[in-house]
Each structure stands twice: as C-alpha cells, then as structure tokens.
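One chain comes next, on its own, written as structure tokens: the form predicted alone.
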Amino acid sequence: MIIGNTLGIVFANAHDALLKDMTKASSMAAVCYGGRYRLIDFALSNLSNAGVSKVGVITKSNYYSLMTHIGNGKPWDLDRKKGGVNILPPYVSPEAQVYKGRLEAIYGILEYLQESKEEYVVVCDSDVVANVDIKELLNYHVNKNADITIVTAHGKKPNGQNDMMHYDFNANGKITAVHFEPAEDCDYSLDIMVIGRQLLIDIVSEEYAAGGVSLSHGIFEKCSSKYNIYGYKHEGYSAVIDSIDSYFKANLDLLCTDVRKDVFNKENPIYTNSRDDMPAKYGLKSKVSNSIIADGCIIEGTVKNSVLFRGVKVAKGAVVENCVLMHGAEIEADAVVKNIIANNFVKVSEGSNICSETVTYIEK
C-alpha cells in the first residue's frame, strides 16, 4: 500500500539567492503568491492530497515567518499525533555547521529518515507553482518498478538554477541521459522526486562520505546508469520561481482562467493558512478589470491586470496596472504605478509616477 507508506521532505530555502531581495527576511517557501498563498502551500497541498501524513520541512535561515504560517499544519491536515509536519533543523553536524547544499541538508536529517518507517520518500523544493497529482506519481513509480522517479515539465528550461537538469528518455519513460546546460525545448526537472527511503539514506551517506555536496549531481550524474530512473511528465501548468521576472509572471499568469482552473482545481485543492478579514471594498468611482483582489483591500481608484494581496489600498485617482502589490501596500491619491512588485506595507506617495518598462521590485 503506497498511501500511508510515504514520507514527504520539503526544502524551505532552496534557491533563496535567486530572489535575494524578497528573501532577506523570509525563506523562499514563505514568499507570498497569488493574493493569499505562500509558495510552500503547493508542496504541502500536493503531498496532503495524496494522503501523505508525515512531512519534514528542512529549514536554513529566516524561517520564523514560515513557522508562523505552517503552525501545527492543520490547513493541510498535518496536525497529527503521529507524523504530521516537522520543522527540521539546518545543521549538518553536531558542531552546528549549516548545510551548503541539498545533499548535506539530507545528511543532516539522516536520523529522522532512519527513524521513519515509510518505504517511499517524496522530495520537493518549495519554489515550484504546480498542482501535481502525487498519488498518480507514486503509482507510476511503483508500476515502473523504478528506483527513482523525477517530475518533469516540457518547454524552455528555466536558467536561474545552475543545478537544474533536463533529460532524454527512452520509449518506456526511463531516463537515458542527464544534461545541465540551457535548452530551449526540453523535459526539465520540477525538483520533485520519489525515491525509496533506504536508497536515499544509502546514496546520501555514500556521496557525503566521498565529499559530495550536490544531490542532483550525486544521484543523477553518478547513479543514472546504476539505477532505474524514470521521468513523470507533468502536463498541467507549472512555474519555477527562479527570478523576480518569473515570480511576476507566475502571479500574473493567474489572471488567465485556464491557468487558475488548472492550479486551483477542485479535485486537488491548494490549501493555505487562512486569515479572517473583511471583504474587499470598492468605491463608487473605482474601476477594476482582469485582476485578483484579496480580502481586506480598499479600492477607490483604477486597477488593471494586477494581483493585490490582503489589505492593499488604492486611493481615489490612483492607477495600478500590471502590478503585484503585497500585503498592506498603499497607493495614495493620483499615484500611477505600472510593472512593479511592491513589498509588504510599501507606500507610494500621492501623485507619484512609477511606470517601468521592466519589472521593478520596491521594498518598504
């Protein structure tokens, strides 16, 4: 039985440096998305929807807001006496040495893995927006008699991550070659994989003892000929957040009905830590088109093609176009903003004009 026999591992700080302005005070996992979500909601929801009831979240730095968001794991049905969600420390040795790469991170939680009883492990990064059917993935893994199965998407490979792989497959879906260079049309990794728990322990222990630091290079470059490694193609929407531009695009992609239906489908919901707030308020002369407006917003001006998080205020005469405005941001009267990402509680003063041809991130 696969369900109930699977452990989830989520990396909270994978690739923080790619969004360094947005992760100064929080982890990649805690970065806000889509008006009310955090990026880690996708990994936790995908696992929960598949019946995975034990999840370890490996932290590294700036994880207070993440811990506050996850809490006891109740929104994802992970508030369990046995299993549930566990925040795992970032140390790779008793001397409190913080891990350098994902291989060292897993080596640092070997005791957690060894004490677990589950046969399979689903390892996820938290910088991917995708509604992945983990139950179907696990069935695919077992039916193929695979040692490792990696989730892939087809298209132009995101170039922000130096260790992101793309693959060649045979007719049966087995990976026959691994590549790391940029590619325009390929099957690239979504950094979600299934592997046997004991096999993961063995590979990480062996590679760490040999001085390795990269999980990707350690498993796929050295082990692709030794083990049966298969690809599972995710056919739905996916976005890898590897830059400010990709973050901006992933948010505005939600303005497309088909993308919203795919990402937030009813069969596999995406859960989050909800917060009660008043409904959004719209002034008599406000104009809103093709936008996502979260609870608690007060709109008296014009909003076009934008995503507004909770508590955003757009005053009379203000114009917001092609923007992502985070929690509590305020656009004062007659200000005009275009193509910006505004951090939490940013205030754009009255009459200002911030219209950029490229995406611009504004801190408080």
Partner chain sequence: MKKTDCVAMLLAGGQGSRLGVLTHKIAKPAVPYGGKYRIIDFPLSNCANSGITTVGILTQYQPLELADYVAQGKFWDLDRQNGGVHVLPPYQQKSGANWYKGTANAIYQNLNFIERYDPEYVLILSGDHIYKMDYAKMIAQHKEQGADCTISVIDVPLEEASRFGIINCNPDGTIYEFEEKPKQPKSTLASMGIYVFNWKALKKYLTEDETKEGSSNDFGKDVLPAMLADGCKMMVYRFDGYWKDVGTIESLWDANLDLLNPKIDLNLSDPNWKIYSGTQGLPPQYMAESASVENSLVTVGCDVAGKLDYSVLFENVTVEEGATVEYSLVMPGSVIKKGATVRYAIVAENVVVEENAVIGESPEEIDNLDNWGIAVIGEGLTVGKGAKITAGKMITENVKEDELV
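Numbering follows the first chain given and starts at 1. From a predicted model like this one, the values you see are computed outputs, not experimental measurements.
Only in words, not in the display: the form predicted together with its partner chain, which the text now covers.
- Across the proposed site, Leu255, Phe264 and Tyr282 without exception bring a heavy atom within 4.5 Å of its partner chain in the predicted complex.
- A heavy atom within 4.5 Å of its partner chain in the predicted complex is found for exactly one of Asn145, Ser225, Asn290, Gln114: Asn290.
- Taking His154, Arg197, Lys135, Lys74 one by one, only a single residue has any non-hydrogen atom within 4.5 Å of its partner chain in the predicted complex, and it is Lys74.
- Its partner chain is not shown here, but in the predicted complex it comes within 4.5 Å of a heavy atom of Ser286.
- Contact check for Asp276: a heavy atom falls within 4.5 Å of its partner chain in the predicted complex.
- Contact annotation: Arg36 falls within 4.5 Å of its partner chain in the predicted complex, judged by heavy atom distances.
- For Pro269, a non-hydrogen atom is located within 4.5 Å of its partner chain in the predicted complex, even though that partner is not displayed.
- Per the 4.5 Å heavy atom criterion, its partner chain in the predicted complex is contacted by stretch 36 to 44, the sole one of 36 to 44, 331 to 339, 318 to 326, 55 to 63.
- Shown without its partner, the chain has Asn305 as the single residue in segment 301 to 318 with a non-hydrogen atom within 4.5 angstroms of its partner chain in the predicted complex.
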